[in-house]
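Below sits a lone chain in structure tokens, taken as the form predicted alone.
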Amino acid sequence: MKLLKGNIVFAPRLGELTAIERGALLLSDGGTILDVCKCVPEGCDAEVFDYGDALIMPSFADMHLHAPQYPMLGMGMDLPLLDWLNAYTFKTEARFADTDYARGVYRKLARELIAQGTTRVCMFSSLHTDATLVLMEELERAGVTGFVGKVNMDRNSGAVLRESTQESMRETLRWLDGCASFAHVRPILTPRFPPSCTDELMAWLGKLAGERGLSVQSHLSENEREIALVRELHPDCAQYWETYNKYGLWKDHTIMAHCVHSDARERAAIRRANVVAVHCPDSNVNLCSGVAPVRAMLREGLWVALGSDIAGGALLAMNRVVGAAIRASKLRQIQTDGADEFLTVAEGYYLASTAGHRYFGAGEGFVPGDALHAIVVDDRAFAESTRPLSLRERFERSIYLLDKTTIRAVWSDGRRVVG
């Protein structure tokens, strides 16, 4: 057995925070949580990891990011979505036809994710099969777990990034065959978005998802020009979500990033299908897409999680994405004259941790039976307060101020991968 000693903090439900001073987590030899202890058990025959006065918190889950956009992080932020894709994104992603280049970029990205405390991801690759398999290898090597998708796109991607419909189908099957060897990273079908996929390809992906029981990730109602283009391409669909629904891609656990302009009808469709709405606040502001109605989504019972959406978002560290989500929600409160209340720190952290971990079958925070996904935060490096802080205050400050230099250890799927 293993015993982790420290201050235990987690968000079991939206708006709730559990804080246990000088508590402990008891793990099996394989890293499964056996007990969450309010005091350190005596006489326990276990390997002890004594983190002293540090905070032991669930790690972050980044539910939407584009791995091949990592080299262009912080670029093109003055452009709206569709212009940004054509000016920067497609050209950058085209470079991943070179697997040696892909290896270097993805190794750095995977290590940086773990160092920043992100242990679970739902991630887009590029359309290149071999580079996607390299990405999955590097994530596994670094200790990142989750889902990765080879992007499908057979139209409207410019001259530099293109695959035919038949090539997209063939390469998707080759990629799925290559995924069998991975233990901690699994495949997810990834039509980029309807403007990039022909009806034939969307229908084939929907059939494949049903036959093989595969999950799906894509984009929804991010930008008004994008929505207009989807309406033009699919005049038979009253709303964006219906373009996925008619091909069997709108189903339980489908991940839809953004949902900035999802109205009440579209939000109701999200809730009915148990689709996950991934809020990407930094990207939505950077690309002038808007501010998503997150409070309305939560009030209506939607499953909402957070994503960095690099490189539309320029923040890879998920605690900073939490901060961006809180600030965006305060703008939303101003815009709605207080009808949509802003997110608290505990709520933002819940969306970045528990809500995402649920997608992978985890319980509410630290729960016996779950493999441990945790970070250990040493907040002594922060400026000294004028008075002693409560554990909840230390947690709040950590969400705003922690970085990889203050993350003392990272545990992923029961394995200690940092520290």
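So that there is no doubt, residue numbering starts at 1 and follows the sequence shown. Computed from a predicted structure; not experimentally measured.
Below, we refer to the form predicted together with another copy of the chain, which is not included among the displayed structures.
Each of G76, C288 and S385 having a non-hydrogen atom within 4.5 Å of another copy of the chain in the predicted bound form: is that the case here?
Yes, the whole trio is in contact, each within 4.5 Å by some heavy atom.
Using a 4.5 Å cut on heavy atoms, which of A305, I255, A131, V105 is close to another copy of the chain in the predicted bound form?
That would be V105.
Going by heavy atom distances of 4.5 angstroms or less, which of S181, T99, Q335, S164 would be at the interface with another copy of the chain in the predicted bound form?
Of S181, T99, Q335, S164, the residue with a heavy atom within 4.5 Å of another copy of the chain in the predicted bound form is Q335.
Counting only non-hydrogen atoms, which stretch in 278 to 286, 140 to 148, 240 to 248, 293 to 301 is within 4.5 Å of another copy of the chain in the predicted bound form?
Careful reading of the contacts points to 278 to 286.
How about L229 - does it come within 4.5 Å of another copy of the chain in the predicted bound form, if we only consider non-hydrogen atoms?
Close contact is absent here: in the predicted bound form, L229 is far from another copy of the chain, nothing within 4.5 Å, heavy atoms only.
My question is simply whether F342 lines the interface with another copy of the chain in the predicted bound form - judged by any non-hydrogen atom within 4.5 Å.
Result yes; F342 sits at the interface with another copy of the chain in the predicted bound form.
Heavy atoms within 4.5 Å of another copy of the chain in the predicted bound form: does A209 have any?
Taking the distances in the predicted bound form, the answer for A209 is no, it never comes within 4.5 Å of another copy of the chain.
Another copy of the chain contact at S215 in the predicted bound form, heavy atom, 4.5 Å
So S215 does not count as contacting another copy of the chain.
Taking another copy of the chain in the predicted bound form, which residues of 372 to 408 have any heavy atom within 4.5 Å of it?
Stretch hits, in order: R380, A381, F382, A383, E384, S385, T386, R387, L389, E393, E396, R397, Y400, L401.
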